[in-house]
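Before any questions on binding or motion, here is one chain by itself as structure tokens, the form predicted alone.
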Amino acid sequence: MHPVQFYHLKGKDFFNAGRTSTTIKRFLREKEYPPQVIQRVAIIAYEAEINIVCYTDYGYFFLYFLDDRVRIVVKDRGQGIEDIDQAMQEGFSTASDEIRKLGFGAGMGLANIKKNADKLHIQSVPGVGTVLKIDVLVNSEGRSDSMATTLREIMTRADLENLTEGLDIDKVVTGGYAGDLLSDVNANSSAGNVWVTVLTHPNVTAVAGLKDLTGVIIAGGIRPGADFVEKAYAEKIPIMFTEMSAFDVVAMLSTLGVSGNS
């Protein structure tokens, strides 16, 4: 299992700004990551941490230490970004005079993150918050834009039961979504997601097909009926089954580098 770390940060906590990135750097050194990887991850973590402190109410990091990369997912609640392209420009800043007097707000944060990342995806809603998904490859020769995790790998690593033999389980998983309300999944899941649920109503497969999900994991030990499986075949949606709770399945997916859909 791959280690996963979580950090919660408070906005405007300038006194502790930089502590999280220092902790991450120390961990990478203890695990003997290559020096260039440690440096890049530390820079990214620091810039993301400072952005949270300067511009948000609160935020948090998820760090996934995978075989071929370090994945950093940063989520915050705050002012968001009005124009991402503009915010990526070196020197552009919306920092207040108070923040500038403290030595922050030079407008280099996102630009430095991009410069040190092998992959960067930014999603932001003004007045709500921002999500950064960042990959730093351990071996930069093998750059890839995917999580490199398939449903087959998930099934094998977690000993899931495949209820739909013959369907394609080798598609790359783009993220994970957990929920038991069809309308919620229909509104908020994304194509390529693996869906974790305890629902066994045949409409699960209809929603999964509509959203073009990679597959569904039925958790909690409630085995779906024949009509469910039949409809899954019709929709070409792979179905996995496990006795594990939904919580444990989500935790397991995190260890494989599957980050939450946003």
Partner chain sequence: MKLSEVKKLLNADVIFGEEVIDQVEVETAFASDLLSDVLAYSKENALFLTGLTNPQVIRTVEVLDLVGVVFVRGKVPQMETVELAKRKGIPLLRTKCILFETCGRLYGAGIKASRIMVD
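Residue numbers count along the first chain shown, from 1. Note that the coordinates shown come from a computational prediction; the quantities given were computed from them, not determined experimentally.
In what follows, reference is made to the form predicted together with the partner chain, a form of this protein that is not presented.
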property	result
Interface residue in the predicted bound form among Ile43, Leu199, Leu66, Ala206, criterion: non-hydrogen atom within 4.5 angstroms of the partner chain	Ile43
The partner chain: the contacting residue among Arg77, Arg157, Lys115, His121 in the predicted bound form [heavy atom, 4.5 Å]	Lys115
Arg152: touches the partner chain in the predicted bound form, heavy atom cutoff 4.5 angstroms	no
Phe247 within 4.5 Å of the partner chain in the predicted bound form, heavy atoms	no
Contact test in the predicted bound form: Met108 vs the partner chain, heavy atoms, 4.5 Å	yes
4.5 Å heavy atom contact, Asp180 and the partner chain in the predicted bound form	no
Non-hydrogen atom within 4.5 Å of the partner chain in the predicted bound form for each of Asn162, Phe228 and Lys231	no
Options 44-52, 190-198, 57-65, 210-218; stretch whose heavy atom lies within 4.5 Å of the partner chain in the predicted bound form	44-52
